[in-house]
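Presented below, as structure tokens, is a lone chain in the form predicted on its own.
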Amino acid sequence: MTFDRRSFIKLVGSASGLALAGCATTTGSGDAPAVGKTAELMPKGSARRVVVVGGGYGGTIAAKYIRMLDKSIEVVLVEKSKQFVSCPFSNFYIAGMTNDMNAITIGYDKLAANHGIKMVYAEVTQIDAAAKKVVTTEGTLAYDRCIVSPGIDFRTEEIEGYNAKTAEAFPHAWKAGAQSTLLRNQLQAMPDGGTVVMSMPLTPYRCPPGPYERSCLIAHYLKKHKPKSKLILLDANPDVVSKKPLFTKAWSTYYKDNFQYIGGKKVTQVNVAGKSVSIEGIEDFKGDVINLIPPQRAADIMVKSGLVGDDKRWCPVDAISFESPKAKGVHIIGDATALPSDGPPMPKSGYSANSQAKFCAQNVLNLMNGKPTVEFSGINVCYSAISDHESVSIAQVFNLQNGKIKSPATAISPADFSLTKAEHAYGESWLKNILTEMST
């Protein structure tokens, strides 16, 4: 059911004390698994240990809350990179509205020092549940329980002609960082009068409204800097899957002259040399810049460790403890999960990962300390920019009903755009709050 905003705020206030997060999750530690080292990296003493894999929206919060709630537990956080770059707000950088990614980049030094978290900068190559070890490129880590927040990878094998070099020509920019810079540079180098083709996959994928936000910001950039250019958004879904009345109004109000949305167009083939993508092998779309976002699944490490379901895409988990039915003692949160749901699933977003991490941390400790688990109750809020100074939002409450996650309440920005400037400020504050929570 839909609530007015005042009623929704009251409900959210009583539902959970969760902090703000973003609409994307960790870049993870499983982007390109390599052969791991078998020597013990950090010998486990008598203290009980939780190893957390992935230093993004879910992993940092899980590690932090384990230590905050029980300092007798040793926590080791494994992350490949020494800095985390947030997907939320990376679209502003891509569209030339910020000069760098400093504001969306954090390190781990303060988090580790403030909470006594032990950091290991390495790539995870296997989660060995039978041996209760995490195998990395630097050595192995024994654990009592393991929390994994690995993020996503792509099902590029479903696109004919896609190879290791395709993303260099047709950047996805769905993992913030080098790909974001590549797409930004291509947009800026494109001559006025050029065509940008965006392609987005079928759900589920990371951050449901993310491609629509990006289309607005790129269209805004073109309108301002390359007014003879246009953007075509090819949506593999038959219709807009998130905030439809808000995005469609933004497109028709602000970008009617340089933007075209086409639903039900699933890219099945790429032609890098010809700078085009094909729809079901029948229809071709040629672009001067092509932003191809492939279909997605859980990170490679989850597939290689046998933690995905029968579909080989997402990781089934228990809706209370987030423990994997395929690996006792391994708990999975964030984008990689396939939570049992009753109705629309919990979005694959940073806010969701933040909510899940806190309950997962509490229940991991309860299981380790012989205490009863607590039922999940969380929220998700996602702000999406529709211009350089306006944003819209959707907010949802989630709880557990009959063993499945259900959303009893949803609130969406008004369609008259009366709050877009205020919501933009809320979004900026939201990002600042969550990155601070993750890094301190």
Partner chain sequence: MKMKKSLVSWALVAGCTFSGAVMAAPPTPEMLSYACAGCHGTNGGSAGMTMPSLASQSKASIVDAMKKFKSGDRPSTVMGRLAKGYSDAEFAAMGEFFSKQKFHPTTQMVDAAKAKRGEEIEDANCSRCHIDQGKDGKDDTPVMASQWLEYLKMQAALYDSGARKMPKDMADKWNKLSKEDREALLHFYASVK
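All of these numbers come straight from a predicted model, not from anything done at the bench. Numbering follows the first chain given and starts at 1.
What comes next is about the form predicted together with its partner chain, which does not appear here.
Peer 1: Which of 212 to 220, 86 to 94, 126 to 134, 320 to 328 has heavy atoms within 4.5 Å of its partner chain in the predicted complex?
Peer 2: Result of the contact check: 320 to 328.
Peer 1: Going by a heavy atom distance of 4.5 Å, is A395 a contact of its partner chain in the predicted complex?
Peer 2: Yes, A395 is a contact residue.
Peer 1: Heavy atom to heavy atom, is E375 within 4.5 Å of its partner chain in the predicted complex?
Peer 2: It does: once its partner chain is placed as it appears in the predicted complex, E375 has a heavy atom within 4.5 Å of it.
Peer 1: Although the partner isn't part of this model, could you tell me whether I412 comes within 4.5 Å of its partner chain in the predicted complex, counting any heavy atom of the residue?
Peer 2: I412 belongs to the contact set for its partner chain.
Peer 1: Contact between G403 and its partner chain in the predicted complex at 4.5 Å, heavy atoms?
Peer 2: So G403 counts as contacting its partner chain.
Peer 1: Which of these residues, K265, K80, K358, R206, gets a heavy atom within 4.5 Å of its partner chain in the predicted complex?
Peer 2: If I apply the 4.5 Å criterion carefully, the residue I get is K358.
Peer 1: Using heavy atoms only and a 4.5 Å cut-off, decide whether all three of I379, A422 and T436 touch its partner chain in the predicted complex.
Peer 2: Heavy-atom distance to its partner chain in the predicted complex: all three under 4.5 Å.
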